[in-house]
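Encoded as structure tokens, the following chain is the form predicted alone, with no partner shown.
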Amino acid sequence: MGNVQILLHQHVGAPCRAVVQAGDEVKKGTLIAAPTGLGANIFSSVYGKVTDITEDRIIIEPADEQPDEFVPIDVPEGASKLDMVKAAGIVGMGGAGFPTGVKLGINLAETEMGELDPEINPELPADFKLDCGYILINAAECEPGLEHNIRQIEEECDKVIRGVKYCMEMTKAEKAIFAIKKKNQKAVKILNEALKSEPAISMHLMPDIYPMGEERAVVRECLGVNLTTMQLPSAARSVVVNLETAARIAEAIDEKRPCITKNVTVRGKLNGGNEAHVFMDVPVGTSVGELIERAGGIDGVYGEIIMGGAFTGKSTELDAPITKTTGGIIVTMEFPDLHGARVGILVCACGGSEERMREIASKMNGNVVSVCRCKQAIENKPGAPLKCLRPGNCPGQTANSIQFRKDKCEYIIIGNCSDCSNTVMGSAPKMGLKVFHQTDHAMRTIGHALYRTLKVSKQVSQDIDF
């Protein structure tokens, strides 16, 4: 194991401050950084010595021996479960990174429904109310090609359910719903069997469409409520919790275990094939390169390495460290060469930012001459990340295709969800525009269908043969 680099900013909020010094000996679970405001505790994930502290990270040289034992979280006798979650430094491990102790600090039994927007909830009466509070477990494994959430259900279902029940207790939610894609038949059957003795917890099956795991999409699919881009799930008397986050909550409460490891899927242009390599409980701060080597190493020349998912991830380097929010590492094939052709970029709230789309265009040797935005991509305030008005439900992109044609684009690069991509394909090719999706190089590498014309229904039957 090489040096472990633990970033001081692994969550929504301000970076943490180091509470150790260079030369200090640390163990698994030693507190090494604390929040300065909104944030979460950060712990050493290995036994070793702190060799350096920089502006953005703590570098630890691991010891040769790495015992399984860890330093338990420091909480007083009789501490509440919520205090244990906060002390453990747990954040949203699906990628968002919001401090979980803050998210769960709500009483859903007393939370009032938010005001419904009639334009996006035409089928609901204005006075619609949910009967109780809900914990919604995001088990959608939203990004294509990742498999570690589903693997955790298959291997550690009991732990996940314990975490869900703790979430219900802390928030006073009467019910919980697992949101999971119907295609994951093995995991669905295991979960169904486990829930037979849990009458307050149910399961909602979803289609294999991106972005079913977006927080407001989970609320819509499970509870039938469309939230505005400004509303949190609490407006629908709910809290959305990532599946791995639920498991870490169980560890914190049952074992006093700090959040020091992450489940990661590694796949792509690797020696031995492009199948998913799932690594459970990887020490936070492990390098991307080390995980790729554990997966067999890179097979020849490659295009880029993506940290995260193909839609929302970013390009990274071999020496970059994984964090509490890292879900995937994808090594892609080489990019096609557009030889300086005129390119239009269609930016969607569900995919990469304009900066990321321009990076991809540059790697394809394209000349960006036009930028459009999906009309459902809302900027709640200047500079804030875009939010989709109706995640996964697109009204059409013809106007943008017309604009690209006016700007004499030869190619367009899109970053849209499944349904948006479907609507682009209904107009762009007819106008002579050649379409690339920002995920194409990753999807081709892992053998996944490209995001073009939607071939599956956006509705899915809840019936399944158990």
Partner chain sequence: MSITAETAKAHAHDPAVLCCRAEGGITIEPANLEDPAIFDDLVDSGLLNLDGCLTIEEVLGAKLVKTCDSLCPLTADVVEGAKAPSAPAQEEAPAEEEVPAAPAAPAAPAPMTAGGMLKIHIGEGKDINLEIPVGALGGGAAAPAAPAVVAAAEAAAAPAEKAEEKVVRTLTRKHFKITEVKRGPETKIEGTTLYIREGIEAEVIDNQELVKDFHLEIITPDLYHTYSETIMDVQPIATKEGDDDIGTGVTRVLDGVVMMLTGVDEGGVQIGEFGSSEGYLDENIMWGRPGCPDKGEIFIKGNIVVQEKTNMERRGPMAAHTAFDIITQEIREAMKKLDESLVAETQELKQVRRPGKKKVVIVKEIMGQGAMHDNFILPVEPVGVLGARANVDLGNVPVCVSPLEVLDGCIHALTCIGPASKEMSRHYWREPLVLEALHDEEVDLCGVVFVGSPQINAEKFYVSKRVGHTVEMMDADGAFVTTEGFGNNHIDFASHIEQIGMRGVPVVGMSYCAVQGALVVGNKYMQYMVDNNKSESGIENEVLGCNTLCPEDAVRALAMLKTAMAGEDVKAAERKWNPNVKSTNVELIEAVYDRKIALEDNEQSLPMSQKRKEKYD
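Just so you know, these numbers come straight off a predicted model, no measurement behind them. Numbering follows the first chain given and starts at 1.
The following text describes the form predicted in complex with its partner chain, which does not appear among the structures shown.
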Legend entry - Segment assignment from 36 to 44, 415 to 423, 66 to 74, 433 to 441: heavy atom within 4.5 Å of its partner chain in the predicted complex: 415 to 423
Inset, instruction - Scan Gly78, Pro199, Pro122, Gly383 and let me know which has any heavy atom within 4.5 Å of its partner chain in the predicted complex. - result: Pro122
Legend entry - Among the candidates Glu359, Asp281, Glu275, Glu379, the residue which, in the predicted complex, approaches its partner chain to within 4.5 Å (heavy atoms): Glu379
Inset, instruction - Give a yes or no for Gln462: in the predicted complex, does one of its heavy atoms lie within 4.5 Å of a heavy atom belonging to its partner chain? - result: no
Inset, instruction - Please check if Gln21 has a heavy atom lying within 4.5 Å of any heavy atom of its partner chain in the predicted complex. - result: no
Inset, instruction - Flag Pro395 as yes or no: does it have a non-hydrogen atom within 4.5 angstroms of any non-hydrogen atom of its partner chain in the predicted complex? - result: yes
Legend entry - Distance check, Val12 to its partner chain in the predicted complex, heavy atom within 4.5 Å: no
